[in-house]
Structures are given as C-alpha cells and as structure tokens.
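Let's start with one chain on its own, the form predicted alone, as structure tokens.
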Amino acid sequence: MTGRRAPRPRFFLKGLAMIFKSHKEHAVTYMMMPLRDIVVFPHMVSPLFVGRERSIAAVEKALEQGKTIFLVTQKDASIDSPSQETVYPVGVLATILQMLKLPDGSIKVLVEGKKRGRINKFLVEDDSFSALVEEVDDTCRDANEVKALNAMILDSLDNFAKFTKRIPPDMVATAAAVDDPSRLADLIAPQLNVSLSDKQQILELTDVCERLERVYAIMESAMELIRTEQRIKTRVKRQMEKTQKDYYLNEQMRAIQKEIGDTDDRQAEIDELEEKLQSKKHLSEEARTRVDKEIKKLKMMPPMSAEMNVVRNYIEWILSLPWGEKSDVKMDIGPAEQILNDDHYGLKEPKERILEYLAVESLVQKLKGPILCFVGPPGVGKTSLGKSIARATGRRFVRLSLGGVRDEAEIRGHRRTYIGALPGKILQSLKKAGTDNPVFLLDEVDKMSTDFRGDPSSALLEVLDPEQNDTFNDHYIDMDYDLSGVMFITTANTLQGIPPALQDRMEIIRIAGYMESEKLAIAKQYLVPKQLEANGLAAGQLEFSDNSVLHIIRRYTREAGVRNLEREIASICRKVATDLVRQGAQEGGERKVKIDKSSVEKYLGVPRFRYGTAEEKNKVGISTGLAWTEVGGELLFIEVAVMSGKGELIITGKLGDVMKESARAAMSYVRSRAQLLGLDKEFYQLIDLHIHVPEGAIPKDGPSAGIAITTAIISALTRVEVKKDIAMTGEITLRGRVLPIGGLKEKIFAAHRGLISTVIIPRENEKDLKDIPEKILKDLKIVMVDHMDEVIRLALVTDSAEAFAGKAVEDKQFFREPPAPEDIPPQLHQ
C-alpha cells in the first residue's frame, strides 16, 4: 500500500457528491453546435471550422443572443443531422470570441469553454440546432485528496513534458500557476493522446477527485508507453546501425567484385527468380503479387540473414508448381479402350467408367476431375489400373501412398514459421508431375491413422471434393491452388477404414477377386512374359502348360488377386535360369524347359494348400459357410459338438461380437423349434453345446454365418448329417428369417474354387447375381431362401420334411436324460 487514501465505496462517494452538488433551478435554452472529432473543455480556447448550414445558423444566432453557444460532441462523426441519441449528453457552454467567414461559404469560429452543461431536451429548428441545457457544477468528496492529486499531476506533467513533444513547453509553467484543481484537470485533458470517448468520459466526470485520478492514470499509462517506445527505438537504432554497416560493406564488396570481373551470385540468383516469374504465363494474380513482394523483400535482406533462405525457398516452391500447365488429354475412346484391354484382363466396370469419363469430357470440353475409389483385395490390379488410365488418357501419372500417414501436414504442408517447412505431398506430387491435370493415385486410403498431429483423412475432404478443390489452400504456400483438373483415383482394400464423409465424395467401384480361368489367362498373357523378360529368359527357353499354372493357382496360392501367383512364377523362372547357367546354355538356348503339373513340385516344393476344401463325406454337426475377407472369399467351416452338461453355450475360434451374437440367435431359434425338431423342451438344460470355427488364429466376424451355425447346431442335436457339397450364407433372426448379406460375388467365387455344387443364399440377394459371371453360375446351383426351415430341408440329408421329423422323433429320447460320455455316439465326436 502507498500513502494514498483507500477509495471510499461508490455509494458513499455518490452520497457525499450529492451534498456538495448544487443544481440549477431552471434549465436555459441555448443555441447548440454538434462537433465532430473534438471535445471542448471548460477554459479551453479552440478554433472550429464550421461547414454545416444549421451549425452556421446556430453560431450566427448565438452572436445575436449574447455570444454563448452550447458545444456537444457527436457519437458518430459521419451523421450530418444528429439527434439527441447520436450526441453525448454532456457538453460545454462556450463563448464565441471571434467569427470569420471563409470564401467557400464556411466559417471559422474561435470559442472558449466556460462551464459544463447537460442536455435536458434536444431542440431541432428548421435552420439550426438548440437545446434546453442545465449547467453542471463541480463536486468534491475530499479537499485533502484533491491537493495530493494536484501535486501528483504537476509532477507527472513535468516528467511527461520531458519525454514527449505533445505537451507545449509553456504548459508546465501554466499548469503550475493554476490554483483551481478542476481547471487543472480541464487544462491537461485536451493535451492527452487518448480517444474521443475517453476525453468525453473525463468531461462528464463532475467529481474533481475522480477527474484528477483519471487524468493522472492516463498520463502514467502514456509515460510507461513512451518508456517502452524509447527502449524499442534504442534497440532498433542499434540494429539499423549494424544493418547500414553491413549494407555499406556489401556495396563495397559488390563494387570490388565488379572491378575484378567476379559475378555477383546473389544478384544472379535474384535475376533468375525474376526471369522465372516472367516466364510463368498462367500464374494466378494472387501468386504473382505475392512472389513479386517476396523478391523485393529478398533484395533488401543482408546475405547472411537466416530469413533469406526461408524467403528464397518459398519463392522457388511457388515458381516450381505447374500453374495452369496442362498435358493434352486424349479423348478418343477407341485407342483408350485398346490400351485398357492390353494392360488388364477383365475389370469391366472400371474400364467402362473411364470410357464414360472420356466420352463426357469430349462433349463438354471442360469437366472437373472425377474422384474414383477402387475397392478390392490385394493383387487385383488397382494400382496398375491407375497407370493404365494415365496412359489411356495421355496424362502424367503420380502416386502417393497414404498407408500409415498420421500427420495432417503430410497433406496440407507446414506453416512457413516452422523450421524446415515444406508444402504437403499433394503439391509436391504436382511439382513432380509437371502439370496440374495428372492422374493422381492416392494408394491405400483406408490405411490412414489419426494422432495428436491431426487427422489426414479430414484434410483429404477438401482435396477429394470437386466442388471445393479448385481453391485448395496449402499451409506452406498459403494461397489457393486449383486441383479441379486433377483426376484423383484412390484405392482401398475395405471401406471400413474410410470415414463416411470421405466416402461420400468418391465414386466407389468394387473390384472382386479373379476366377481360376481369369487367373490362368492373366498368367499366360501378362505374368509369364513379364517374368521371362525380368529373369533374362527367351520365350523359347521356358514354357508353362495350362495344367501347371492351374496347379500353382490351386496348391501354392490362396488369394483373390494374382500377386502371389506372379511370385511363384518368378521363383520358377529364377530356378530355371540358374539351371541353364550351370549347364552353360544361357546364351544359345540349346535346352528348352517345359513346366507341367508334375514338375511344379520340383521347383516350388511341397504344395502349401489343399484344393477343393469341401468335406469328403457327409458329417454330423459340421456345416460349410461362406465368408468375405480382405483377400477375397473363403469357405468357413462351422463345427458343433454336444456334451453332457448344464446348458452352457461355448463359442470359440477368435470370433467377433457380431458373430457370437449370431450363434446365440441361432441357439434361440433352435430352442423355439424344439418341438418341430423332435427335441425335448428342456433339452438345453442337460447338455453343453460347443460351437467352434477352425483356424482360430484368424479373426472372424459378421452376421452372414447365421444360417450355417444354425444348420450345424440342428445337425449335432438331431444327429442328422449335413450334405458335404452344399455351402450357405445368410443372417438369421430369432424367428428364422434369412436376411441379406454382402460380398456375395467373392463368396460365390470361393464356393466355386472349393468344388461346392450348391450354394444357399438369401432371396433378397438375388439382385446381386447379375454381377456373377455366367460361367460360374453354370457350374453352381444357386438356391434362394427366405426362412431357416427351407435351409434345413435343403442342407440336411433327408428325403422330405416328414422323414426328417420322423428321424428326429426317433432320437429324441437321447435328450431326455443326460448321457454318459461313453454313450455319446461317435458321430458327435466328428
């Protein structure tokens, strides 16, 4: 605490002010002149330039009525006809000392403020302003406090005048001679560099102590600001002296280099940047202005400045981008279709979509780049299809792998304020392409992740939106860049890893796995010639028979694509090349090697997979389901064992929550059908039921195995065999309804590979059969069902529903009493 008296409570001060304050009994009408951008205080002499007709009339009438005029400040200086709401309520009663008419019709008035006044009523006459004004007297809450503040202000004013030129030299002496504290505050307030509203607040303070305190606070704040400015000026001056010294030495060095004939590398570099700027014909106006400004900044920088490299790199990045540089797009459908067919076997839907795009672009001439998303298992040709599209359309091709990308700055770049900042991968790839309309492949878009550095998938929302990407803003470049001409293609194995908002911006094209016949054709037309050339073998030195390729497909690979098939073919080619080199026949090609089915094991070893994994005979408690995986369709075997117990349901095989719920729903359905199946009502309380899905190391989930699980449970409980050559897929409800599933095409392919003869599918999936090749449908019998009762009659080894029911009734005694372990029939152990 200082020696100042602590401020009294507000209500106490107001009460004390009311004691000392004297009011005028009557308000007086005065001519009024609203002021713009100035506040006139009592005892202040100020010249005013008056141009408004009403204000001029008010001045003239005031001269006629005793030279007293009421001056009030407008809240908004732009208003020509102010009202009571647009002027401050407190002003100054002033005396007109002099008036001078100017040639342009305006007048110059010299006024002296006399006393504060408050507007009671605002009067607007036809040609002038007037107001009913009540004089405002000063109040004082404490005479001793006023004296202390008076001394403090004089001391502060003396210091203030030494640091700034805003205070006239004679102001200090004049202020010291003033013995009225109220007049002292009004004398200093107009000299303070504060806003108009702050000055008006000082004018409206009737308590002298409050007025002095406010003036003192403003002066001290201004003093602190002046001291800070002085420190900054001193520091800047020292820096400027160093900069001027460096500039002088650099000029001397430049002159010396010029005399000895040495080139100025820095100037040559700046000249090169300016030439690049001039050569960029399609540079946007925003970018051209920015680069020009940065080059000027570069010229002013000292050579050793750390900022110089940052500015130069920024300029070079902007100029290296292909602003408006486009490659000629081929829009002839015929050659494009030939290229796509030459490069890829099958893939009818993606090829048709590309041809549609070219046809539309040839008609409208200007088409925003489409956003295609190829979704399918690995090895089906998603990435290579992007290269073929670029070749077919005559565009450049760039690829960006998004697998494992976690940082948003990988897409949008870093701000220039960061050390080592760079643009994002989008603009880096465009620089690499050299045009702004390439085919841009965003590979593995479903493999992106999120962490504390941001969400890169959210950054892609703008990139992959044709309605927004014409104003893509990279954090480093910090300018709009047009990506609408880029043909973006994304690839993914599944849609689960892609956010819904991102999926909505793309056209999803699913690419299913290949059939055996397709794999055979791809191997003969593409893979074998490619690997022969890669391993230095002539076409006549090595020959693959169709049976050998099929044997490799069936026994050495298990995939939807052809990537592993190519690896196995490459492995055979390497081994054959090794044998030829050992025998010295690598040049003349004297020996020809033919690979047939029997010789495959010689080169590739023992077969790794079983082909045709359907069961060899009908079995109890085992059904064949169909599953969809990232690598295509698979056969899924459901095993159910019945044991003595207390009604426990055991589910194993690394199953997900949805698949476990399907198993529980299947069990509930079986219990609801116990009487129809010939089972005792309480059968489930006497046994334990174990449901197992083999290959327990592989995670499995989804509801589509519902009917297969139900079939296996019913077979195990009734000891009726399941047909070996039948597979099924469908979700089951508690009432036995069979609901549709996804991935039907891949599942049908898996059934075909597994030598299944009959496939049971939900009836609502009938529409998906149009995507299945006709050859596959000829080899398989597709049966569509609506209810689980239909599945039972089709899948179990029974001649009719009555025979099935009779067999079930015959065996139902087994469920009335819990059997001993040794009494359980051998079929249940299978």
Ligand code: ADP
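All residue numbers are counted from 1 along the displayed sequence. Keep in mind the model is a prediction, meaning the values are calculated, not measured.
Omitted here: the form predicted together with this ligand. The next part is about that form.
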Contacting member of Gln503, Ser128, Thr383, Gln428, with respect to this ligand in the model of the complex [4.5 Å, heavy atom]: Thr383
The single option of Ile714, Val486, Ile552, Leu347 touching this ligand in the model of the complex, heavy atom within 4.5 Å: Leu347
In the model of the complex, segment of 375 to 383, 459 to 467, 735 to 743, 88 to 96 with a heavy atom within 4.5 Å of this ligand: 375 to 383
4.5 Å heavy atom contact, Phe544 and this ligand in the model of the complex: no
Heavy atom of Arg558 within 4.5 Å of this ligand in the model of the complex: no
4.5 angstroms heavy atom contact with this ligand in the model of the complex for Ile522: yes
Residue contact check: Trp628 to this ligand in the model of the complex, 4.5 Å heavy atom: no
Contact set, 538 to 568 vs this ligand in the model of the complex - heavy atom within 4.5 angstroms: Val562, Arg563, Glu566
